[in-house]
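Here's a solo chain for you in structure tokens, the form predicted alone.
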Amino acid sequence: MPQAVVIATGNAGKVSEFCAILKGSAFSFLVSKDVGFIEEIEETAQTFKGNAEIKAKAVFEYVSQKYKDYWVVADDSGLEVEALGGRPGVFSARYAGENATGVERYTKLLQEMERQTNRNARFVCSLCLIRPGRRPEFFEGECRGSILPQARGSGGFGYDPVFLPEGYSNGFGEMSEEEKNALSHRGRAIRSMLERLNAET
């Protein structure tokens, strides 16, 4: 029986990326709602690592009451822009308001960047894995690049249409899922986690 791992997110874009990257691994993946967890988790930490741990612990506490051997992994990620002092950072999802769409968020970002010549930015991802009887484990990933002057492409989600990864001519919004996952912050963090887990088997 493959090990069951609950992905602590309701974000469809993140779920899609997790499933694509983890396809063929020796694990069985579920999302929060598959095990009945539908609560909103308040992300109160000032770091990606802190928020990932808050989410993982909340879901693990719920899951462990029903399924004693399930693992939980949570992701917190966002975009840090140099010219904006690292904003939107941990507030990436709430940058244009609580219920703003991805288009509204990156439109606000482009407006703030209109007069900026320094367009350096990076996507950051922190994963927190909790396994029964162990301390939380953390895995990091980043992808450096720059903010485009306008949105390009219709792929990805969130800020993808305005992010150009370093060394590439196509932005995240113009890439296939496979191309993006090969170099994205989340892809790197997930593969780092898999390397650790595979080394233990």
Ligand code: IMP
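Residues carry their position along the shown sequence, with the first being 1. Remember, predicted model here, so these are calculated numbers, not experimental data.
Keep in mind the form predicted together with the named molecule is missing from the figure; the text below concerns it.
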### Summary
Given 150-158, 65-73, 130-138, 26-34, the stretch touching the named molecule in the model of the complex at heavy atoms within 4.5 Å is 150-158
### Message
Would you classify residue 16 as touching the named molecule in the model of the complex, given a 4.5 Å non-hydrogen atom cut-off?
### Response
no
### Task
Would you please decide whether residue 43 lies within 4.5 angstroms of the named molecule in the model of the complex, comparing each non-hydrogen atom pair?
yes
### residue 96: touches the named molecule in the model of the complex, heavy atom cutoff 4.5 angstroms
no
#### Entry: residue 192, heavy atom within 4.5 angstroms of the named molecule in the model of the complex
no
#### Entry: Residues in 45-80 with any heavy atom within 4.5 Å of the named molecule in the model of the complex
55, 75, 76, 77, 78
